[in-house]
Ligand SMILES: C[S@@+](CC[C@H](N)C(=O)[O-])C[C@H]1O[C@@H](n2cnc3c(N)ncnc32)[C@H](O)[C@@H]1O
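Just one chain follows, in the form predicted alone, and it is written as structure tokens.
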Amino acid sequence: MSYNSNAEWNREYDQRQQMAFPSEYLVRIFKGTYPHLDLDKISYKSKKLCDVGCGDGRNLVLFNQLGFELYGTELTHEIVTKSTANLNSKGIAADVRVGKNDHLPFDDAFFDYAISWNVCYYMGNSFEFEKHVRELQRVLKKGGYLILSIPKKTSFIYSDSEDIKSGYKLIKNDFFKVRNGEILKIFEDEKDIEKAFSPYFGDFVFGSIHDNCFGLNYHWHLVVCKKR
């Protein structure tokens, strides 16, 4: 039976009874101050932000508290409906639409910030990652921020995966049983990520998560860059 990402993610979100907490590292990025990163927190208010692949809406709760004008995308109408209902239950208004990495349903140069948190590397049936990069830059204003999390090649996600083309993996042993059959883009290191995004983005700042969480290798690249 062939892999159906829409059906798998619908099932995953349908069985979730409560909204998850916002990502710890997005809290750090947007609220913290670091030697190599200190976003202008005063400027957040009323800036347009899109959470690409917003899931149950958890990160939009954080961005609402920070004063952003909220937008998001998800794979299916079912997930969009659930995300919107979750946010409405908290009194949060957000424009969440069905969209994919290579087709974001928004106008050119619309956003000040785009978030792709654990999302941009999902390929569907494609081997053209550049389409994802071009689409992210299309919807951002010049100088707009792109903020990414991307698994390192040592992440648990790639455990027992299969090389099917240079730079792409077929997931075969997903611990959470939702990605098996999915094609993911894989990067060698920070330089490989910068090479993929640099035709459209600059001012790269990198962070890193390298954590063993009770047997799961949570190894992730954190990326902040700006549209050229």
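Owing to the predicted nature of the structure, the values given are computational and were not obtained by experimental measurement. Numbering starts at 1 and runs along the sequence shown.
Another form exists, predicted in complex with the named molecule; not displayed. Remarks below refer to it.
Relative to the named molecule in the predicted complex, residues Trp9, Ile79 and Arg179 are all within 4.5 Å by at least one heavy atom. Comparing 197-205, 165-173, 38-46, 55-63 against the named molecule in the predicted complex, the single stretch with non-hydrogen atoms within 4.5 angstroms of it is 55-63. Contact between Lys152 and the named molecule in the predicted complex is not found at the 4.5 Å heavy atom cutoff.
At the 4.5 Å threshold, heavy atoms of Val96 stay clear of the named molecule in the predicted complex, well away from it. In the predicted complex, at least one heavy atom of Asn118 sits within 4.5 Å of a heavy atom of the named molecule.
Mapping the unseen interface onto this chain, Tyr122 counts among the residues with a heavy atom inside 4.5 Å of the named molecule in the predicted complex. Contacts with the named molecule in the predicted complex, taken as any heavy atom within 4.5 Å, map to no residue of 19-41.
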